[in-house]
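Before any questions on binding or motion, here is one chain by itself as structure tokens, the form predicted alone.
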């Protein structure tokens, strides 16, 4: 299902926003792998929702504003975007680093959202100072990263089979991911102390085989959010919406209703 992709001008930034479907608003924030709004699971959700999916600046060839340094810049940009879109009782869904952004937004205010869904999300520190809570995606060899990320590593994108333009896009996406998540790596140390402010129903969806951000991390994260629930999807890694799209959509629909 094709969607339209208008450019929305905000203060100091232009954001591409994919919009498709009709119904209650579903505000979808993608992860470090890039936009997901054109994937089959999103098409299925667009049969019941108006999917609204911004592309983070720096991804898919979009420019990064000169004043951007970290995740907080993206979060404040999306606060402005939510106002510009006039979101009203939207369900906010975030994947991985997009889950971190969604959590930060929900901590600030839930006035425009009715529910929160976090999918294999990063954003908090659960271990000690020297503990590696999230695998280092920038230092891990590609074969090992595929094993950690996918239940079935054969489904991982193969750089050897990608066109040059797609390889360049993948590398530029990694640069943007580094900007948003590197310092400190994949978390905000202050966020756990603010999670009590989330006052909407919250669901965490996790892939059982996620070795990048493990279900144990997800359960600890879930325990920090008042009243949050967690569902683990078998035979799925860090992207359950890709490896098990039917189960993923089913859980989203059940929670939304």
Partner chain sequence: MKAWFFTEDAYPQLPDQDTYRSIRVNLPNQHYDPVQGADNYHQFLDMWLMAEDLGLELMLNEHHQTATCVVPSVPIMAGILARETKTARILVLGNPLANLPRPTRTAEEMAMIDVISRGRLECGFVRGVPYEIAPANVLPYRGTERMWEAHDLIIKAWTTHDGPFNFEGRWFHSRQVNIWPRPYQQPHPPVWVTIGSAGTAVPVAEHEYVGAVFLAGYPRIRSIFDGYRAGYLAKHGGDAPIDRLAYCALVYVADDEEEAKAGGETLLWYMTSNKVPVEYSNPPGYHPPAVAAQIAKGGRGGAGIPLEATLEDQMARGNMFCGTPDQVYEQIKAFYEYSGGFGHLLMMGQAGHLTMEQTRRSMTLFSREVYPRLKELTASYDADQMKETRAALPDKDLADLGNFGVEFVR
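Keep in mind it's a predicted model, so treat the numbers as computed, not measured. Residue numbers count along the first chain shown, from 1.
Note that the form predicted in complex with the partner chain isn't included here; everything after this is about it.
Stretch 63-71 is the answer when you ask which of 43-51, 29-37, 63-71, 202-210 has residues with heavy atoms within 4.5 Å of the partner chain in the predicted bound form. Residue contact with the partner chain in the predicted bound form: residue 174 places a heavy atom within 4.5 Å of it. Taking the partner from elsewhere, residue 164 is found to have a heavy atom lying within 4.5 Å of the partner chain in the predicted bound form. In the predicted bound form, at least one heavy atom of residue 168 sits within 4.5 Å of a heavy atom of the partner chain. Proximity of residue 110 to the partner chain in the predicted bound form: non-hydrogen atoms within 4.5 Å are absent; the residue sits far from the partner. Although the partner chain is omitted here, in the predicted bound form all of 142, 159 and 182 have a heavy atom within 4.5 Å of it.
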